[in-house]
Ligand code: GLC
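Just one chain is shown here, as structure tokens, and it is the form predicted alone.
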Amino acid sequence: MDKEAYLAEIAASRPDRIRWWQEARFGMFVHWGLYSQIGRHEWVMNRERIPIAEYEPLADAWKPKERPAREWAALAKQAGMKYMVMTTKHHEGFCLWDTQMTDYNAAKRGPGRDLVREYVEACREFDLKIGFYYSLMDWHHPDGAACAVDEAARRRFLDYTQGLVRELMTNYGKIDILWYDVSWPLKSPELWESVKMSSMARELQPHIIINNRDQLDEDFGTPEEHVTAEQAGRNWEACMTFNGAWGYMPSAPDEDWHSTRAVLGMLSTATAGQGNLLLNIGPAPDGSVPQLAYDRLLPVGKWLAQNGEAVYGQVDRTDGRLEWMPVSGNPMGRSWTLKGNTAYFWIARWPGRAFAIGGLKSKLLKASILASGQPVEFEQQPDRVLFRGLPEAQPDEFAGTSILKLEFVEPPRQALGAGCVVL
């Protein structure tokens, strides 16, 4: 199948395949590999130019505790996440499953078992959708770099790559996401045989969704380390580190970790743009989750239990409809999220017992505090809506962020601009 036919075919089936993901909104990324033992981020082999002969013994030294993926999945569930994506093979080339393609894998080296299988079982136990990250780049394979300049090396490396992907798509039952990364050093999807590889994955997993890092415009885009909406109509997922590193980084100071409020800020921005947030944890070598991740994520989960209506499910984009400013530019509101005739105003700095939202042009029928359902008194004027009788202090105890639910007679519209109204 040529590229154009392939892309047309997956576009036709995408609405059914991706609906669950569009409604899930929030997932956990897990970067875990040999690099976790070094504790200086996942690119340490490359950045410090560690030779293979010096790096490879980490494979025998790695001794994770029993079934750590259950801890990750339990935390993801408590945090309100709906799916997970784990690094089955990162750039270092070590495979976390019992592959037949190489002995450089978790079953035949230090761990002595299939870590991918444990992860899959944990996801299913906690009712989370399952994603496999797979790095196309490989620093360990002898053809990983040579494939760019030697045709025989390219053939060997593609056969190896396709063999690994086939195993991942065959050995673990239904898989929901294939998350490719770093298509170095080949410079085109034709050289990678991306259509062939992903067609094979889709044949084995008909309902799978695939990201765009195989150099094809697959099911969703992946902005990294910034939560930025892609063009309207394009599915996207912002992948974010928790503390500036994907892998385990015990030296990261507390202030480098995103706060609970910051996580909710990223989630609100993603929701406003019809996108998803994939937030990473980097487990320790034994697989345990850093305490700071618990400290931030457990309150997020409690907050979502009360306010998830503003996040989960099918949403509309707010751009061009409702005006957004960061907290630094708006004394109270972080952002809007939107579902049909209902708008959700995220209040990050509580205004006290009364305040107004300017520029609302649609007729408001009802206002309430989402978490409690408490009705809020309002008066709609030509260019603003006044709200009165609010609690004196911020009612949200988990993140200091409350949501005002506003129900309109039609899809709401707001127009503010930068100028003031002259009376």
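Being a predicted model, the structure only gives us computed values, none of them experimental. All residue numbers refer to positions in the sequence shown, first residue = 1.
The form predicted together with the ligand is left out here; the points below concern that form.
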Triplet His90, Val182 and Glu224 all within 4.5 Å of the ligand in the predicted bound form via a heavy atom: yes
Which of 383 to 391, 352 to 360, 24 to 32, 365 to 373 lines the interface with the ligand in the predicted bound form (heavy atom within 4.5 Å): 24 to 32
Option touching the ligand, based on a heavy atom within 4.5 Å in the predicted bound form, out of Tyr133, Trp346, Trp72, Tyr83: Tyr133
Sole residue of Arg154, Lys339, His258, Arg213 within 4.5 Å of the ligand in the predicted bound form, by heavy atom: Arg213
Residue contact check: Phe220 to the ligand in the predicted bound form, 4.5 Å heavy atom: no
is_contact(Tyr248, the ligand) in the predicted bound form, heavy atom dist at most 4.5 Å: no
Contact test in the predicted bound form: Leu96 vs the ligand, heavy atoms, 4.5 Å: no
Heavy atom of Cys239 within 4.5 Å of the ligand in the predicted bound form: yes
Partner contacts for 37 to 57, taking the ligand in the predicted bound form and a 4.5 Å heavy atom cut-off: Glu42, Trp43
